[in-house]
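A lone chain, given as structure tokens: the form predicted on its own.
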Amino acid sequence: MANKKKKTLTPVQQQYQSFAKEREPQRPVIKNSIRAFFAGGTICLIGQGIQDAMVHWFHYEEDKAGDPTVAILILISIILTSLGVYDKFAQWAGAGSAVPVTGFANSMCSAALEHRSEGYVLGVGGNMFKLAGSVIVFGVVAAFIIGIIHIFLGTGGS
């Protein structure tokens, strides 16, 4: 590698950095981690309850009950986002609300609500997939790569 020189700071810049560092608020990492853990866990617990209800009351097989469960969780997330409730929950829960499928539904619904004044095609359709598009592309590419690996290992396919 080329010999990169580390930029040295002037005394005024050093003084400013120490001044800024002293006044930077401490992040409550432990508290935020606990909130995220319990929020994400609660969402998953609700999902498990829905799945168990699908098996018990609607007579789905256990391996097939996941599909309507995900659809119901997405619907709940969209309704709560439309009412402005999910965003307040997400502020409190942090990453715990973003990881499950409900966070993905929230991001798409929020973008659609935010840009609906620009029209359905260019506003809603054009902006709804800005964040979601990269997630979808990553999922498809990852599934393709994992499928190829399974084929080469002889553990997948017919």
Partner chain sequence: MIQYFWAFVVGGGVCVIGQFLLDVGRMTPAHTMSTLVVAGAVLDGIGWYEPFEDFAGAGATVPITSFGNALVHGALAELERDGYIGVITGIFEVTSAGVSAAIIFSFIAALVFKPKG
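Take the two forms, superpose them, and find the largest set of C-alpha atoms that agree within 1.5 Å; that set is the rigid core. Positions refer to the first chain, counted from 1. Bear in mind the structure is a predicted one, so any value in this text is a computation, not a measurement.
A second form of this protein, the form predicted in complex with the partner chain, is not displayed here; the remarks below concern that form.
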Is the gap between L131 and the partner chain in the predicted bound form 4.5 Å or less for some heavy atom pair?
yes
Within a 4.5 Å heavy atom cut-off, is M54 in contact with the partner chain in the predicted bound form?
no
The partner chain contact at H59 in the predicted bound form, heavy atom, 4.5 Å
no
So, L122 and the partner chain: in the predicted bound form, are they within 4.5 Å at any heavy atom pair?
no
Listed by sequence position, which residues of 68 to 95 have a non-hydrogen atom within 4.5 angstroms of the partner chain in the predicted bound form?
V70, A71, L73, I74, L75, I78, S82, L83, G84, A93, G94, A95
Honestly, after the rigid core fit, is V137 moving at least 2 Å at Cα between the shown form and the other one?
no
My question is whether Q26 is one of the residues whose C-alpha shifts by 2 Å or more between the shown form and the other one, given a fit on the rigid core.
yes
